[in-house]
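Single chain ahead, written as C-alpha cells, the form predicted on its own.
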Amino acid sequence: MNISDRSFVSRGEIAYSENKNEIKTISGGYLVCEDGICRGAYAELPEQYAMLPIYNYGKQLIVPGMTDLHTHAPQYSFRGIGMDAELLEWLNTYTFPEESKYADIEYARKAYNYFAEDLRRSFTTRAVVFGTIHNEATIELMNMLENTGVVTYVGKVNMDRNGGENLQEQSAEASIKATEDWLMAIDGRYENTMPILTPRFVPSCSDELLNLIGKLADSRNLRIQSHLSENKSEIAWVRELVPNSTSYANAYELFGNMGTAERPTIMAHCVYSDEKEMEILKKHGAYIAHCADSNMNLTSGIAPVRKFIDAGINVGLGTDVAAGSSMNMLKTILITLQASKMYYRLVDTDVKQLTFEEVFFIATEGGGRYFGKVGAFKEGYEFDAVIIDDGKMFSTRDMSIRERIERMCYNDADVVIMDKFVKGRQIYGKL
C-alpha cells in the first residue's frame, strides 16, 4: 500500500525488543506513528489515536528496521569473490584495485546506483558506509543514498600509505585537505545523509594523518569509523608501524581517533580484542560492529561478542560487504548466531552462546542506538519499520510471532518485504 502521511496506525503481528533478553509481541496489535515518531504498540488502539488512518497488514509481521553499522559501498560489485584469501591478500588483490576504479565518476555512478537501490529494498533502515578516497564519487554515493530515504553516515576514506599507486593519497596534508573540501561541498546538503571521518585502518594511515583526523574530529564535532583487530597478520603489522602503542586500540587512542560517548567511534570486527582493548572501547563509548560473515569468509576468526556485551560495550551488526557476501541483515543475524555457537563449542565453553533474543536486539535497537532512539517500537523512538510477508513458509504448526521471526532469520528464502518505513516515511512498498 502507498502511505504518504507520516501519522498513521499499522495493524498486524508486531514484534520488537523490550530489552536484550525479551522480544515483545502483539498479535493483531496496533502500532502508532505520529509525525514520524512511534507512540507505542498496543493490543487495543488508544482513543486519542482513533482518528488516524489505519493500515491493516493482517497476519504479516511488523518488526523494527535494522541497522548495518559497517559496510563498504564500492565493494558491493564484487561481493562473494576472492573468499579463499585472508584479509591483507584480499585487500591487495581485489579490494584496492576495485576501489581505484572509482576515480572514474561514470563507473562510480553505475556501481553506486546498484548499491543504493539494493539497500533501499533491504531490511536495513540505518547504515554506516565506507566510500573511497575519491571526493566526487563519495558525493555521488551520498546523493544516491539521500534519495533512498535510508538514514546513513558516509565516509570519504583517508589513506596515505600502503594502498598502491592508484589508491593512496600523496600525503597526510593532502588527505586532510581533500577531506575538508568534501565536508565543505556537502555542508547543509542532506536531510538523512551525514558525514563520518574514515581512516581506513592503521596500516593505511600514517601517524601524522591519524593525528590530523583526530584534530579534525574534535574541531568539527565529527564521528569516526575504522577497523580494529580483525586479523592476526594485521595486528602484528600495526605493532611494527606504531611501536609505542600498547595495543591496536591504543594506536588509535594515541592519535585521538577513539571518540567520546557523545561522538562514538565505530570499530569494525574486534575479533582479537582482549580485556585491555575492551577497556579502551568502553572508556570511549565506542561501538563494535560485529561482522561474523566476513570474519569467517576471510578466515579471520570469531569475535567474542558475549564478552563485549557482558562488559557493557556497545555492539551492533555489520554486513561488511564485500568480505561479507550479502547486505541481507537476516543472513547477518543467522551467521552471528552460528558463529557464537562455534565460539562456545570450539574456543571457550565458559563464553555462552548468544540467544536469538540477544542477536535480534543487537540487529535492531543495539545498533540503532548509534543513531539515537532507533530500533524499537517504544514511545518517542523514530518510526523505522519493516512489514514482512512470510506466508510462503508452509508449516503445519500454529506458530507464535516469536517463532515466525526466528524461522524467518534462519530461512529467509521465502519472505517478502511488503513495506518499509524510515522516520515514518514509506521508502519502499508493494504498491
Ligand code: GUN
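Because the structure is predicted, anything quoted here is derived from the model rather than measured. Sequential numbering from 1, following the sequence displayed.
There is another form of this protein, the form predicted in complex with guanine (GUN), and it is not shown here; the text below is about that form.
Across the proposed site, Leu91, His269 and Ala323 without exception bring a heavy atom within 4.5 Å of guanine (GUN) in the predicted complex. None of 215 to 223, 116 to 124, 197 to 205, 171 to 179 except one has non-hydrogen atoms within 4.5 angstroms of guanine (GUN) in the predicted complex; the exception is 197 to 205. Residue contact check for His227: one or more of its heavy atoms lie within 4.5 Å of guanine (GUN) in the predicted complex. In the predicted complex, guanine (GUN) sits within 4.5 Å of a heavy atom of His72. At a distance threshold of 4.5 angstroms between non-hydrogen atoms, Asn135 is out of contact with guanine (GUN) in the predicted complex.
Guanine (GUN) in the predicted complex comes within 4.5 Å of a heavy atom belonging to Leu87.
Taking Thr95, Asn328, Asn162, Asn314 one by one, only a single residue has any non-hydrogen atom within 4.5 Å of guanine (GUN) in the predicted complex, and it is Thr95. In summary, among the residues Thr152, Ser294, Asn158, Thr336, the only one with a non-hydrogen atom within 4.5 Å of guanine (GUN) in the predicted complex is Ser294.
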